[in-house]
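What follows is one chain in structure tokens, specifically the form predicted on its own.
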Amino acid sequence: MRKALLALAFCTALACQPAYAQEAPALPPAAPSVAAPVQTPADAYTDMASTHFDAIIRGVERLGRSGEARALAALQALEAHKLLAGNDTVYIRTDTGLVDARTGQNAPADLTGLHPVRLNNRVRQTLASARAELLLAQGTQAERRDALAQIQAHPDAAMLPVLDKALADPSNKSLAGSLNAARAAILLSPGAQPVALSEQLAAVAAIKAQGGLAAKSLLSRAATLVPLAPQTREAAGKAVASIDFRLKLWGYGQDLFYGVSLSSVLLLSAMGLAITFGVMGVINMAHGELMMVGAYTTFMVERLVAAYIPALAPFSLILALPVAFVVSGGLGILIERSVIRFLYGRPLETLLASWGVSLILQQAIRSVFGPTNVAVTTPGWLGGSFALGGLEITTVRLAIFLFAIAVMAALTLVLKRTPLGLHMRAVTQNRRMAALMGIRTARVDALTFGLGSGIAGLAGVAVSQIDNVSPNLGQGYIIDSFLVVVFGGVGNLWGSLAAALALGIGGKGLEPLIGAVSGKILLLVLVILFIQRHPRGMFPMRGRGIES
């Protein structure tokens, strides 16, 4: 009964309502639904204009996956701190103004309120991966190798599809080893998705084949990574031991190269002294200063060529070689004619006089050029280095080694195949007999001293590329030069070569074991002990005058 009364009251209330309450106005038709805008690579620029690091990271990731040509320029600008944000986009700062990173067009000059895009460690890590991804798709061969090295150093599982795509590209055939190593680094990194045992072992083998410190570090980490299979960790440990052994062998090879490089410098500085000391018996303490004159001649030739013939500036070092030989050789003849020729047969007075000449030359250079170092520029074609297996070969040191061999070959040719060489050898073996045979020994002495001084000038040209050019340059080489000459055998070029190799390689070989200073002291002691047993050196000259 109560339910019936309630229903009747409800119906009555509906019937008594006004018309406007009974008929609601018709609603306007619903607007057609608009789909959310599809994210495009251009949205990445808006993200990067944000002040929040998460948005910037998202923008960098999108640019890396976009494959756009302008994306790489934007990422490189961000890395160089040349990316500015404002008005929901980013601009690249160039030398001529601002460029819209989204369109590549010049931005209006009156933009205000721009701020640098923010960077932190997370952004930098994401930037490295995104830049590597773009370089792998768009870069040159060298840039792709750098990108793969970056991926290997910072493994990211998101890069696996990119690497697989690059491996399938026939144009990347020459990069197959680097691609496989980068892919293997990702598979063996912490947090990587588990893969089959065979694939894990293949990854270890790929990184082992690459070798190097980076591979050793990655495999050392993999050897202790619990999620990997025990067989994989064991293989990684064995690979680390194998890489260690190879690195030690390459390290010995690198020390050998350094030793040969030092030997070539010692040979260059000692060859001229071997001639003057061997033929004339003159202890020329000014030999190091003649090297210094050659180095300063190189400096002057370089400046004159740059000022008057700039087109030949890259070849100024080659032009300095004959000039340094003539200047140092002429100065040597002047020293011999004015000082040394009055002191033959008196070795102590000769030593003191030549030492005084060395002081005069040093002070003259200080007065003209000042007491500080002068800058001698290494030409571009001699700069840099290149890898030979596990060795790092410095181009300039390799060039000095080849130059030393060429100078020695030319000097040997002069001594063996020219009348001057014949007279020099005759005077060396028996001065009195040579004079009785009509050889003008005084003329031979002057030319010999000039030849030895000219070779010292050539040594100065070479040394200017690896050492500081200062008035004290010669003091660092005079003692070692005498040591090479006496140890090898006075007047014997082949003895000088053997002594230079022994001292250079021996010194560099002892450095890792007992240190540079202790190694040099030990080497000096060994040479002294050897000379006590063999006073004429390793390869003594033969002749009646010498043996009498």
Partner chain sequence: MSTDFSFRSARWTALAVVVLAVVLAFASLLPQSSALSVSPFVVTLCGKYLSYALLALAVDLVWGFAGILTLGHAAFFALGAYGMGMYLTREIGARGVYGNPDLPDFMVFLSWHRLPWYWWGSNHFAISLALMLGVPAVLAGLFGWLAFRSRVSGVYLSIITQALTYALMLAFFQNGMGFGGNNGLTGFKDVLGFDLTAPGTRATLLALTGLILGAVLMGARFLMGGRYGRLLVAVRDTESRTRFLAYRPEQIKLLVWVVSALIAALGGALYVLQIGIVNPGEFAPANSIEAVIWVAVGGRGTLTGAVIGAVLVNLGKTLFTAILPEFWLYGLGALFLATTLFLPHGVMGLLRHVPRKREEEVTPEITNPEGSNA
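Numbering follows the first chain given and starts at 1. Quick caveat: nothing in here was measured; it's all calculated off a predicted structure.
Not pictured, yet referred to below: the form predicted in complex with the partner chain.
Of the residues Leu312, Val339, Ala157, Ile405, just one reaches the partner chain in the model of the complex with a heavy atom at 4.5 Å or closer; this is Val339.
Of the candidate stretches 408-416, 427-435, 286-294, 157-165, only 427-435 contains residues with a heavy atom within 4.5 Å of the partner chain in the model of the complex. Among heavy atoms of Lys248, none comes within 4.5 Å of the partner chain in the model of the complex. Proximity of Gln363 to the partner chain in the model of the complex falls within the 4.5 Å heavy atom cutoff. Not displayed here, the partner chain is kept clear of Ala241 by more than 4.5 Å at the level of heavy atoms in the model of the complex. For the chain shown alone, Trp381 is not a contact residue for the partner chain in the model of the complex, no non-hydrogen atom being within 4.5 angstroms. Taking the partner chain as it sits in the model of the complex, the stretch 330-357 comes within 4.5 angstroms of it through a non-hydrogen atom at Ser338, Val339, Phe342, Leu343, Tyr344, Gly345, Arg346, Pro347, Leu348, Glu349, Leu351, Leu352, Ala353, Trp355, Gly356, Val357.
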